[in-house]
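Next up is one chain by itself, shown in C-alpha cells, the form predicted on its own.
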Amino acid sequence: MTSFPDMIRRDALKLAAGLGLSFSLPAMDSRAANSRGAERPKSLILLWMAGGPSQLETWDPHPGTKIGGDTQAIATSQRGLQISSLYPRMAEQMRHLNVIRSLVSEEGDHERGTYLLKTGYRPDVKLTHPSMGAVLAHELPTSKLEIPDHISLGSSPAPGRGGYLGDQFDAFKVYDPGRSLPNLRARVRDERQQRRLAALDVLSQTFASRRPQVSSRTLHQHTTKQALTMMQSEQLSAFSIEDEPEAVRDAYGDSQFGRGCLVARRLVEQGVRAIEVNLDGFDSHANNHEIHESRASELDPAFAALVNDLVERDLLDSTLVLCIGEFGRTPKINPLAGRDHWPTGFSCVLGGGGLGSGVVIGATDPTGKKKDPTDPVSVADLFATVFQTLGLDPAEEFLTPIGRPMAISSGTPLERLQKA
C-alpha cells in the first residue's frame, strides 16, 4: 500500500524496462501448479476488446430487425442461446460459459470507460484504483513463481496498473506474445556479466547508504534482484509456443491475439495469477460490420481454442475467463454504416473459475427504442462476482496511501452465476 511520486515511479519503470521486465511476485508452488480441477489455485484470463465491441455483432444479435444490420445469428451448444454468425467456433463452446447482455456503465468515453471496466471504479482525480489483475496479485500471493504474477499480452494503451497498491503490481507487458522476449538474455559472457553485476552492486549500496528512503521507494534493488531471477528461470519457457504442436498453434491462429491466448494458457499452467490478452480495433464509427468481421476472424478461433484447451486440460474450473470491452455500440446505424458509443445494455462473456454455466442475464430491446435493458447489471456487480468467484471478499477494504478506506469492489456478487 505504498504510493510513489510520479518521478520516482517513472525511474523505477525505466529501470525495469531496461532489464526487460517490470516486477515479480511470489506465486503458486509447483505442487499446486500441477494440480487440476477445482483443487487448483485460481487464475484469471481477461480478454480485453479495446475500442468497444458491438453487442449486436458479437453476443447479442438481433437479425432481421432495423437495428440488426447485416449480422445473422447462429445457434450454439447452449440450448436457446444464439450469438452472431461471425463466431461459429465460439458457438460450439458456449455451453461452458455465461452471457450478460445487460451491462450498464456511466462512462461513454474510451479512456474513462476503460478505466471503469479495468478497475470497477469510475475515474477519480484524487486516486488511481488498481486493476482487477493487480488486486488478485496483491491479495492472492503464493510462492516459488520466478516470473511476474500479473501479465499483459499484446499491444494495449491501458494495461492493468497497480494504482494505489503500488507500481510493483503493474502488469508485466509483453507486446508481441509467442515471440522471443527481448532483453532477457545477457549480451556478454558470464564472467563479464558477473563483473558488471558486482560493479552495479557497489553503486547500488553506495546510493542506498546515502539516500535510503529514495532507494527504498524506487524498488531499485528489489527490481534488479527479481529481474536476474527471471532471466535465469526455466519458467520463461511459458512465454514460448515453439514446443506446442502445430495443430494447437493453428487452432488459436497465427495472430498476435491468437498467440497471446495460447501463451495465457501456458502461463496459467505455470501458476500465474492474472493475465490479460488484448485485441484492439473495435472502434467502429464507420464500416461497423466490416470491422467486426475482421476482429471476429481473430477472436473466434483464439477464444474457442482457449476454452477448449482449458476444458481438455481440466483447468477451466480453476480459471475464470472474462471477455469484455469498455462499452458497446449504438443500436442505430449511423450514415457512415457505423455504430457509436453505447454504455447501456452491452455484453460480456464469462465462465470457468468455479462459476456455473449456461446462464444468460438480461435482454436488450430488438427495436432499439428502449435505452435501458431488462435486468441491468452494473460494472461493480460484475467485479464483485469475479472477485468472489476467485476467493476474495469484495467488501474487504484497502487503506489507500492517504488512509482512505476503499472496498475491493462496491458491487454485489451475482449469485445466479454461481454453481447450484
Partner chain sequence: MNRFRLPILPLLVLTGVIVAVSWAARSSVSRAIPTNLPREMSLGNAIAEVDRKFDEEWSKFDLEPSALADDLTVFRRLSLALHGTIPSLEEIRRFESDDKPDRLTRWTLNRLRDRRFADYFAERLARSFVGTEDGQFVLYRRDRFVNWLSQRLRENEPYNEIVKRLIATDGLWTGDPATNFLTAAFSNDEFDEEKLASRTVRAFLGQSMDCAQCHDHPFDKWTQPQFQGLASFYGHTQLQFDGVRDFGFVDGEPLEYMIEDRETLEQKTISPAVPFGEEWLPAKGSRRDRLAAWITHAENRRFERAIVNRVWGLLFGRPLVQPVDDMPDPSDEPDLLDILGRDFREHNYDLRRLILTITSSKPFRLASTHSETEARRFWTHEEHSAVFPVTRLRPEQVIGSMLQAASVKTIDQQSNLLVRTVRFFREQDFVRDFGDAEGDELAERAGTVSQTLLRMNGNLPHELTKATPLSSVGRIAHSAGTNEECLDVLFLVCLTRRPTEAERTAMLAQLEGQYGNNRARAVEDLAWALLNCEEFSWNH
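Here the rigid core means the biggest group of C-alpha atoms that line up within 1.5 Å when the two forms are laid on top of each other. None of the values given here were measured: they were computed from a predicted structure. Residue numbers count along the first chain shown, from 1.
In what follows, reference is made to the form predicted in complex with the partner chain, a form of this protein that is not presented.
Undergrad: Taking 168, 187 and 195 as a possible spot, do all three reach the partner chain in the model of the complex with a heavy atom inside 4.5 Å?
TA: Looking in the model of the complex, the three residues 168, 187 and 195 all sit within 4.5 Å of the partner chain (heavy atoms).
Undergrad: Only one of 75, 286, 200, 248 comes within 4.5 Å of the partner chain in the model of the complex by heavy atoms, so just point that one out.
TA: So the residue touching the partner chain in the model of the complex, by this definition, is 200.
Undergrad: Just one of 143, 237, 213, 334 has a heavy atom within 4.5 angstroms of the partner chain in the model of the complex, so which one?
TA: Only one listed residue qualifies here, and that residue is 213.
Undergrad: Residue 226 near the partner chain in the model of the complex, any heavy atom under 4.5 Å?
TA: Although the partner chain is absent here, residue 226 would touch it in the model of the complex, with heavy atoms inside 4.5 Å.
Undergrad: Do residue 231 and the partner chain come within 4.5 Å of each other in the model of the complex, heavy atoms counted?
TA: Contact with the partner chain, yes.
Undergrad: Classify residue 96 as contacting or not contacting the partner chain in the model of the complex by the rule of any non-hydrogen atom within 4.5 angstroms, answering yes or no.
TA: Answer no; every heavy atom of residue 96 is more than 4.5 Å from the partner chain in the model of the complex.
Undergrad: Check whether residue 219 has any heavy atom within 4.5 Å of a heavy atom of the partner chain in the model of the complex, and answer yes or no.
TA: Residue 219: contacts the partner chain in the model of the complex.
Undergrad: Heavy atoms within 4.5 Å of the partner chain in the model of the complex: which of the stretches 79-87, 323-331, 307-315, 121-129 has them?
TA: One stretch meets the cut-off, namely 121-129.
Undergrad: After the core is overlaid between the shown form and the other one, has the C-alpha of residue 217 moved by 2 angstroms or more?
TA: Passes the 2 Å threshold, so yes.
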